[in-house]
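This document starts with one chain, in the form predicted on its own, laid out as structure tokens.
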Amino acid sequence: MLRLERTEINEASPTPLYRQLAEAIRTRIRLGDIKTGDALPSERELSDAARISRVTVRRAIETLLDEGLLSRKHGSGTYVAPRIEQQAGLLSGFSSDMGNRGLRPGSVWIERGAGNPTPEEAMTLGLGIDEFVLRFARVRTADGEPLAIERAVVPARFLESPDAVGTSLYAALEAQGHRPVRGLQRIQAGLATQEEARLLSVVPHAAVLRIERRSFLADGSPIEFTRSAYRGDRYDFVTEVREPRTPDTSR
């Protein structure tokens, strides 16, 4: 449980009180005094402990929510938010990633349907412009919190219908005998648009990671073309790096 001392807030300081409180909470998180998943005291308790107004406390908490250090669960409270480390070299879906972390994966659907491919989709997936693709656009959530916006395109021949996809696209493909085994992925830094910020519950122009993925079957056939925007305040993509082999010049 977070315990604040009155001495951590200096009314004589030129730094606004809400910034002082936000920094005090940041420090406690950094030192491990409060850990990932811990609940913060209520606004009233923080207000009483620091002897500042609840409006000031609320502004400090909103600052840390915007930074991604805290997350809010409706009807439950405010918690120290975990950062999610994902191995960039592993071909896995969002649902399995969250399930392996003990989180409940979910989706808020934006679009689900079929149609002809765009020129870019046709080229990427090796399709004719008269063939059909299935499109899936959704906000991906973990324990109800929005973490990513995902827009996937799959050749229609690999799935019975758009409704075949429930929580996991990869699980639906595997059920039809079409599990991807290899992928190419590009990660770029970006800023959230107004619409992305609304869907991800972050402030406009917050940092996002834009990920473009193409995945393939064992025979080399392209099966998926996905563009996603992940919350930059919650995600770290980790890659193992190795020293390049030195050519053997002794021979």
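Small disclaimer: the values here were computed from a predicted structure and weren't measured. Throughout, rigid core stands for the largest set of C-alpha atoms superposing within 1.5 Å between the two forms. We number the residues from 1 along the sequence you see.
A second form of this protein, the form predicted in complex with the DNA, is not displayed here; the remarks below concern that form.
Heavy atoms within 4.5 Å of the DNA in the predicted bound form are found in exactly one of 221-229, 65-73, 203-211, 179-187, that being 65-73. The shortest heavy atom separation between residue 78 and the DNA in the predicted bound form is within 4.5 Å.
Looking at residue 235, you'd find every heavy atom of it more than 4.5 angstroms from the DNA in the predicted bound form. Not displayed here, the DNA is approached by residue 17 to within 4.5 Å at the level of heavy atoms in the predicted bound form. Taking non-hydrogen atoms only, residue 31 never approaches the DNA to within 4.5 angstroms in the predicted bound form. Every member of the trio 43, 51 and 58 reaches the DNA in the predicted bound form with some non-hydrogen atom inside 4.5 Å. Residue displacement note: residue 182 has its CA displaced by under 2 Å between this form and the one not shown (rigid core superposed).
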